[in-house]
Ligand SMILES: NC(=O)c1ccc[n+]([C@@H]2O[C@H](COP(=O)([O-])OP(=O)(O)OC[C@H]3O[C@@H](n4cnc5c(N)ncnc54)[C@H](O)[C@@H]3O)[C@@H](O)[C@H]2O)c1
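One chain follows as structure tokens, the form predicted alone.
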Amino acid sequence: MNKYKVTVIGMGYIGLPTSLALAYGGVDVLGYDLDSKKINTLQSGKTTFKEKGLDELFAGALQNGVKFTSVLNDIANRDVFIISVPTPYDRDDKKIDPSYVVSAFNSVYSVCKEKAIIIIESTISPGTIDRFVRPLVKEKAIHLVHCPERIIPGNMIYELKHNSRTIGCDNEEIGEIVKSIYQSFCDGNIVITSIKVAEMTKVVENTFRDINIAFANELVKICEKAGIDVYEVIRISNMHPRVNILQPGPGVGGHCISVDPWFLVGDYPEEAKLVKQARLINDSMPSYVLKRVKEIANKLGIKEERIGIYGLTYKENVDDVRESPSLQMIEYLESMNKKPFVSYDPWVETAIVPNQTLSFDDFLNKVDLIIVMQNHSHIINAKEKISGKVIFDTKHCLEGLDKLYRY
């Protein structure tokens, strides 16, 4: 049993699995969230979102005594606090919006004891802790640490255990304490470095992937004009031992790859020109898909009201819709005063956009052309049901259909 009492702030996509993994690994864990409804759900023994292996991890964590609260005073006198809250960006100046992190830190700082360790797991732009958090430390001495999360929805539990971690801190002793806590569940390499390096490393990791995806998406547009199969080009190019082009898609979603690169653009506008261009390319893909779909619809005489979007989440087989390309497409249609296409997603069980249906059969009855925006296993297993429809497959996940179009 690790001797430190840990409180995780924010019971969302990152905070909840982290708290459960810690508890499962023998750490005394208290999960905190302002949302009392969410806490009530967790206290009743139920998880708040769907994720492979999460329910099983929850059961083990409950046996090890994990607890949850929405009462701030309950978290006083704990040793370590892990802040895991959203970090959006300002869409105008592209800079990080640190308000959630600042608010969470102020809440913790108001009740924590002297020498407490406060770890920020939220992904932040380089220098955020020095600019926005460190100045909040006044008369009470605490230890600041940055340990950016490194997990992805759909594979969270595996990646919590196996991915390497970075601990950014001001001194080695505190770094070793934090390392011992994360070693309760993490089998990957745990590296101790400075706070600024840790901040930059996480943003750079996601920016690297964003740029690679942008290259693949730009190839889509080039190959369309050249009349070449882009997937064949990528397949053959990747046979080279030093080439690894990612697959193109309808855009980039989620709260990491589609957001983090903007932090660099916002803080370093003159230097991050390639980063900005990659972001613009990936953000252009939903409207590019729309252009291609309208060309197909016009060619085949399909009316716009008979076009449907399959997949509202940003990733296959998860319920996370943050920054989803489908939502970007719907937003784009609305900006042109167009009625959104009918949409369906088996992972989204409540209506979140106009003209969304919760029945797959109803969806099929309403559409003649389906834009496959997400490669859920559901659509791959429904080939017979969709065989009579015109399909525009943005994910390159379907084969053997008579009316199949793709990049």
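Numbers for residues come from their place in the sequence shown, where the first is 1. Everything numeric in this text was worked out from a predicted model, so none of it was measured.
Keep in mind that the form predicted together with the named molecule is not shown, yet the notes after this line are about it.
Engineer: Which one of P248, G168, P153, P286 is close to the named molecule in the predicted bound form, taking close to mean a heavy atom within 4.5 Å?
Structural biologist: None of the others qualify; the residue that does is P153.
Engineer: Between the options L34, A59, A351, I380, which residue brings a heavy atom to within 4.5 Å of the named molecule in the predicted bound form?
Structural biologist: Filtering the options by heavy-atom distance leaves L34.
Engineer: Looking at 193-201, 115-123, 270-278, 178-186, which stretch has residues with any non-hydrogen atom within 4.5 Å of the named molecule in the predicted bound form?
Structural biologist: Within 4.5 Å of the partner lies stretch 115-123.
Engineer: Taking the named molecule as it sits in the predicted bound form, is I213 near enough to touch it, meaning that at least one heavy atom pair lies within 4.5 angstroms?
Structural biologist: Taking the distances in the predicted bound form, the answer for I213 is no, it never comes within 4.5 Å of the named molecule.
Engineer: E159: heavy atom within 4.5 Å of the named molecule in the predicted bound form?
Structural biologist: Heavy-atom contact with the named molecule at 4.5 Å: absent for E159.
Engineer: Would you classify T207 as touching the named molecule in the predicted bound form, given a 4.5 Å non-hydrogen atom cut-off?
Structural biologist: No, no contact at 4.5 Å.
Engineer: Do V85 and the named molecule share at least one heavy atom pair within 4.5 Å in the predicted bound form?
Structural biologist: Looking in the predicted bound form, residue contacts with the named molecule include V85, since a heavy atom lies within 4.5 Å.
Engineer: Which residues in 4-19 have a heavy atom within 4.5 Å of the named molecule in the predicted bound form?
Structural biologist: Contacting residues: I9, G10, M11, G12, Y13, I14, G15.
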